[in-house]
Ligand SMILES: Cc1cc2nc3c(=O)[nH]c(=O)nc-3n(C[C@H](O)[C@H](O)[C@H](O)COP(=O)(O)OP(=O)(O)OC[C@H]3O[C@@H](n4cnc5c(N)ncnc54)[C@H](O)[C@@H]3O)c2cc1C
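So this first bit is one chain, no partners, the form predicted alone, shown in structure tokens.
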Amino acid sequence: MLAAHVLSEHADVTVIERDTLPTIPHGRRGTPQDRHTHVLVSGGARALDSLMPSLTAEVTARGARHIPLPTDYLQHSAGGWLRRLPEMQYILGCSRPLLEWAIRDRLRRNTAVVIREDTDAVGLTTEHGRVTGARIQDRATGKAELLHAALVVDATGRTSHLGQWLTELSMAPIPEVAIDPRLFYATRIYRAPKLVSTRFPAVNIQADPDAPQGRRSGLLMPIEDGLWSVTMTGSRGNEPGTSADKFIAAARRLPHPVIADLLDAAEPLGPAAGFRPDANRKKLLTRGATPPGLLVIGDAATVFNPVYGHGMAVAALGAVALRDELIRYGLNPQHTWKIQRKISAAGDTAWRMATSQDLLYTSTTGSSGRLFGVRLQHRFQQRLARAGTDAIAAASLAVYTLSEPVSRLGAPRVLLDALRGGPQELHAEPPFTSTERQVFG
């Protein structure tokens, strides 16, 4: 939808949408992952606002939570709970259906955009080696149609059939890199206890790569309507169950029981939903990998381990790259590879963070010979975490929220603090305020 918004500044746009789109914030069949916890980190939120001004303010007015980092984000890592500091970055906590609905609502008012619902994209058309359109099919009637276009954008997500489409045209498949953490997820929505204030913090219990019992993590994210979206994650042998008892048991097995204690005071709304994403997966969209006239964006280009919360932000950053490069090159199909290069680069920081962290776990497959460099990077990150100065926290959060590149961690002030800073004081218990502790009774 963001790509359509950008393209509408240059041409009339037709969006091919397989689902019947809801007119209110609601999940849909084509995005089963929308039942799980989603966040929009501040780098992505700023990108979204640059595309659709004041959109995040509109979503916040409808109940999304502005969660300042690290002020209202309690994080447990190996050794204890991190300090709460004044706001440096933020995340937007809301359900994916709410954010998608707000974007669609803006798009429906755009007279240059037509949305063809209940329609599948089933292939591409080409002429003289360039893409000239798409083959589409009505899901209800089965009627097929050719849709001609100056530019085709594959934004079909993690289930993209682009490889099959290129094979049907006797073109080489696009090479991919896959790094699979082999994780299982379960998410359940809860109504927060009545004593919980509108500023109740998010709670994140990170997995420990050095823990002998395997990978386990949990996240409690406040979202709209006084709800909590709670996700448990585990590697094989630590899979979180979706039954009520197994979900709570997964929370009890975390390195700290606070999420389970909070859930004891909350009201579950419906059953938990399970999810097993396939991998971190990245198409190598170098020059010549795709024909002129075709772009690939969002999850169709790169899929991330959702535990890091970067997927929606990368989609927004990719749309910003598309906007900027279209201003420079227009719709000329001979320049699509240059536009694609910038779109792909928009996800590089998130890819590096996700895969480097996942490769620390022995359950992950697809290392591609990167283990030595990953371990060196991990030792550097551990040194930063131990020092824990305000300057290090600011740099780390700027990178995590995709607000600044990884090079920010190499700034002289950060390196100096890492060398001379003493170990930061970690808390044995989550640093709730006295008001927040009232939820425990």
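Position 1 is the first residue in the sequence shown; the rest follow in order. These numbers come from a predicted model, not from an experiment.
Only in words, not in the display: the form predicted together with the named molecule, which the text now covers.
Q: So the named molecule isn't shown here. In the predicted bound form, which residue out of Ser403, Thr389, Gln33, Ser396 has a non-hydrogen atom within 4.5 Å of it?
A: Answer to the contact question: Gln33.
Q: Exactly one residue in Thr126, Asn238, Gln357, Thr119 has a non-hydrogen atom within 4.5 Å of the named molecule in the predicted bound form; which is it?
A: By the 4.5 Å heavy-atom cutoff, the listed residue in contact is Thr119.
Q: Kindly confirm or deny that Arg18, Val39 and Gly311 each have some heavy atom within 4.5 angstroms of the named molecule in the predicted bound form.
A: Yes, because Arg18, Val39 and Gly311 each have a heavy atom that approaches the named molecule to within 4.5 Å in the predicted bound form.
Q: Would you check, heavy atoms only and a 4.5 Å threshold, whether Phe275 touches the named molecule in the predicted bound form?
A: Yes, Phe275 is a contact residue.
Q: Given that the named molecule is not shown alongside this chain, does Ala155 nevertheless sit within 4.5 Å of it in the predicted bound form, heavy atom to heavy atom?
A: Ala155: contacts the named molecule in the predicted bound form.
Q: Can any non-hydrogen atom of Arg253 be found within 4.5 angstroms of the named molecule in the predicted bound form?
A: Judged by the heavy-atom cut-off of 4.5 Å, Arg253 is well away from the named molecule in the predicted bound form.
Q: Find out whether any non-hydrogen atom of Pro306 is located within 4.5 angstroms of the named molecule in the predicted bound form, and reply yes or no.
A: Residue-level check for Pro306: yes, a contact with the named molecule.
Q: Exactly one stretch in 77-85, 264-272, 156-164, 172-180 has heavy atoms within 4.5 Å of the named molecule in the predicted bound form; which is it?
A: Flagged stretch: 156-164.
Q: Go through 89-115 residue by residue and record those having a heavy atom within 4.5 Å of the named molecule in the predicted bound form; state none if no residue qualifies.
A: Read in sequence order, the lone residue that approaches the named molecule (within 4.5 Å, in the predicted bound form) is Arg96.
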